[in-house]
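This document opens with one chain alone, in structure tokens, the form predicted on its own.
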């Protein structure tokens, strides 16, 4: 058989690979220089599309010789729009919208609350007549996430990892990384409260550094009670927001039923604490609190109907609210359960890793490190998912319900067209 020219074939293969490499480099270079141009074209197409949509939304008057367009503009941009209309041959009429109008919503929050706007939008935007609850649920969501994850070591990873990644991240990603840092900070706080660091139970360790502060850590019973306290605080806070919302939307008398519930729950809680401290020893004050709250609930449950119908509706509201509140409060136990489960899984990972380290295998140190990294990474991923989903559930169900949140708002998407030739 004749010999095959393997050296020649190998050389041809190397040449082909080199050409492919050069082609890929040329494609990469072309993409790098063309992406800005493509983005510019995309923005132009989107801009023209929005302009055509705006034209199609105009209604023709006087045999389509006059085109009428209705739009909304934020107060801080009204001056700029007025100047534009005055500079162009346009007849316009300005008037303030009413609550009956379908007004788009533009959220306005501080730097901290703005980080949580994407979470609120997962459920719904508020209507124009409602309060924006982003700033109200943001601190609770942050604390609940930390409660559920509950490991100071994991929180430290979140805080430092997001901080390092933020140094090279794009501007649109930085708010998300800042949110991760705040969630990591809350996790460090609750990890310090419960005494958990990378699955190590600091309460049961013999480290001298923690010998004097072990009594400051909260045991599982204390963490259980803390979850209920946080739940009660958020529920009462939600009722306070509901009262403010009803005053804003309908008037003061429509908020008095909610005032009655606030008197009952807040008053009873304060009375219980003072009784435990032996500051109050009489039940007359408690009866007065319950009577005053019940009066507001029964008489002002619905100011539009007659007094007898109000009492009937008030009795039903009392039954449904009391049973609902207890159910809502018990839902906050999930904070304790999730925190405990992630901590226990961390303990188990460390225990198995120590058993690997104590084996007679030559490669035990390598397997020890690998198992720790794999185990804690898996625990962080699973626990982080639960720590995000369940606080979101408490926000959208328990908190929003007690705050009287309706939602259904339409997001304000401004139309801007540059260099329009009239």
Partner chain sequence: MSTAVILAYTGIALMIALAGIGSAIGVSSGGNASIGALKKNDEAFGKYMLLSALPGTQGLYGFAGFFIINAKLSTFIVDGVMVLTMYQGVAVFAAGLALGFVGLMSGIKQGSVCANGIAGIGSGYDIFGKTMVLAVFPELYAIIAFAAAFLISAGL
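Everything numeric in this text was worked out from a predicted model, so none of it was measured. Positions refer to the first chain, counted from 1.
Form predicted together with the partner chain: not shown, discussed below.
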May I ask you to state whether residue 186 is within 4.5 Å of the partner chain in the model of the complex, using heavy atom distances? no
Taking heavy atoms and a 4.5 Å cut-off, does residue 376 contact the partner chain in the model of the complex? no
Spell out, yes or no, whether the shortest heavy atom distance between residue 334 and the partner chain in the model of the complex is within 4.5 Å. yes
Can you check whether residue 129 is within 4.5 Å of the partner chain in the model of the complex, heavy atom basis? no
Could you tell me which one of 370, 354, 385, 66 places a heavy atom within 4.5 Å of the partner chain in the model of the complex? 385
Residue among 232, 262, 340, 143 with a heavy atom within 4.5 Å of the partner chain in the model of the complex: 340
If contact means any heavy atom within 4.5 Å, which of 307-315, 340-348, 85-93, 265-273 contacts the partner chain in the model of the complex? 340-348
Under the 4.5 Å heavy atom criterion, name the residues of 379-401 that approach the partner chain in the model of the complex, in sequence order. 382, 385, 389, 390, 392, 393, 396, 397
